[in-house]
Ligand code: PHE
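In the form predicted alone, a lone chain appears below as structure tokens.
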Amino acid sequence: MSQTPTLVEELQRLEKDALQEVERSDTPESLEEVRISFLGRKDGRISGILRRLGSLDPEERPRVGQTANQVKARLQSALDRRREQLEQGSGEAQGAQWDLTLPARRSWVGGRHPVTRVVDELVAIFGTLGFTRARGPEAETEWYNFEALNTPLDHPAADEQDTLYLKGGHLLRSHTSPVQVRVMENHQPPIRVLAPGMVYRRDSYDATHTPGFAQLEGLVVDEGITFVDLKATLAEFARLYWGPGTRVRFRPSFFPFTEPSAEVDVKRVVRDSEGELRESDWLEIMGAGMVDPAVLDAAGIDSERYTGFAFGMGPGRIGLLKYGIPDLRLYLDNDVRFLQQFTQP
């Protein structure tokens, strides 16, 4: 009797067993085991039957090979279908664990940092008073950071603004006043500029001091500039920024690059916890003064013909007053809960 019916029958019985195994598989892993058991190239049961084709007569081999290919195709189709069912069922089971009634998560919204907002506001206000924005390098030389500003390196004022030194004789600027010198070197009066930027000092890191912070300085140079112009300009700025009821006070002070010099305080009109308007305490907001003639001469401007005034403030501290922020370190902590308060455009 020929072996052909025996091999064909084996293939048919194998197909029946395989389809039952496929239906019983309840995980992708068990289904993969069934596939390897029946269709694996090395140890698969169908491959084992095909290896016996060599013992058949040549005219009988095509029938067995054809039957084997049909069984493999039907089995592969059943495997694909069952795998799709298992994946769909897994997704439905996972979806059953989701609470679709929960509110959607809010999208992240970007915004300007509060110090950046204050700088932009100050630049806009002084822009209405005729000031132009100027920039300069943060890595400076001792000449621009100290000596050109009437501050010899052995002067106590240089110690107060000691900064971080770099290789090659440069240092991180301790104020934005070097920008004023660079502007005066490259432009003849009339000059009216505003110079915001980062500065660096060997300060402690506490609620009112940080080693790196933003500063904004203004400079005006022209014929006939007096201290009256300085007071009028800063008083108008204060009213534009904090409201028409804001008052300004000037107290004598000392800066190497201005003479006379003053500390500038403001008294604002604020609303208390009960909603009533009242005046705040006097708060210092900046230093200012008339540009020292030595600074004008160092920049190549005739101090006999021109005079000027300068002022400098910390936008970070201005932001403390404007937004009621209690600690400068909050600007630098990178706490999203703090920064989200300023996500408005």
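In this text, all values refer to a predicted model and were calculated from it rather than measured experimentally. Numbers follow the displayed sequence, beginning with 1.
Not on display, but discussed next: the form predicted together with this ligand.
Proximity to this ligand in the predicted complex, defined as a heavy atom within 4.5 Å, singles out one entry of Phe237, Phe255, Tyr144, Phe131, which is Phe255. Distance criterion of 4.5 Å from any heavy atom to this ligand in the predicted complex singles out Ala288 from the list Leu320, Val295, Ala68, Ala288. Contact with this ligand in the predicted complex, judged as any non-hydrogen atom within 4.5 angstroms, is confined among 310 to 318, 59 to 67, 32 to 40, 273 to 281 to 310 to 318. Among residues of the shown chain, Thr163 is not one whose heavy atoms approach this ligand to within 4.5 Å in the predicted complex. Using a 4.5 angstroms limit between non-hydrogen atoms, Glu140 is distant from this ligand in the predicted complex. Residue contact with this ligand in the predicted complex: Arg201 places a heavy atom within 4.5 Å of it. In the predicted complex, Gln215 approaches this ligand with a heavy atom inside 4.5 Å. Contact annotation for 177 to 199: a single residue, Ser177, has a non-hydrogen atom within 4.5 angstroms of this ligand in the predicted complex.
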